[in-house]
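As a starting point, one isolated chain is supplied in structure tokens, in the form predicted on its own.
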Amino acid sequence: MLDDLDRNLLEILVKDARTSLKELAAQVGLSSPSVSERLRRLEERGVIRAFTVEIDPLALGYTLQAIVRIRPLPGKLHIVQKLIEDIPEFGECDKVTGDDCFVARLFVRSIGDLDGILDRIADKAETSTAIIKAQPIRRRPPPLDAAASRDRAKVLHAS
């Protein structure tokens, strides 16, 4: 579990992963070596998986994003998964339960590019594609405070 200091460090880093150790230490009231040790332990425990950068696909010319639901044909699951992994325009993919096996996010520059990518898997899977118009909630971590999360859920359930 996370203590309050760990949660505080994570909240700061979620807002800006480039925050220096010195600044982190000042914000949480610890020494830089103590903060460094806490971060090392959070990494070792798998709480922090990476310090990363967020790239705007539009700045790279990817004007369209799509959510693609993918249902491999019988006996083609592993082949389709490998194809998805090998196509760099698939930015992320989840293996899911239900009618489809995969739900993936695809970055493309045009509808023609979208068709070309989908054609590469068409003989191995059925697909259903939705073009993304907007992203009202950007990728975010789960709530860091379990109690606060439960309280929010109670409020939502009551309304």
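We number the residues from 1 along the sequence you see. What you see is a predicted model, and the numbers here were worked out from it, not measured in a lab.
Just so it is clear, the following notes concern the form predicted together with the DNA, a form of the same protein that is not shown.
Novice: Can you work out whether S20 and the DNA are in contact in the predicted complex, taking contact to mean some heavy atom pair no more than 4.5 Å apart?
Specialist: Contact with the DNA, yes.
Novice: So in the predicted complex, does K133 come within 4.5 Å of the DNA, heavy atom to heavy atom?
Specialist: No, K133 sits far enough from the DNA in the predicted complex that none of its heavy atoms falls within 4.5 Å.
Novice: Does S31 reach the DNA in the predicted complex if we count a contact as any heavy atom within 4.5 Å?
Specialist: Judged by the heavy-atom cut-off of 4.5 Å, S31 is in contact with the DNA in the predicted complex.
Novice: Is it the case that R38, even though its partner is missing from this view, gets within 4.5 Å of the DNA in the predicted complex, heavy atoms only?
Specialist: Yes, R38 sits close enough to the DNA in the predicted complex that at least one of its heavy atoms falls within 4.5 Å.
Novice: Among 23-31, 107-115, 124-132, 57-65, mark the stretch whose residues have heavy atoms within 4.5 Å of the DNA in the predicted complex.
Specialist: It is 23-31 that comes within 4.5 Å of the partner.
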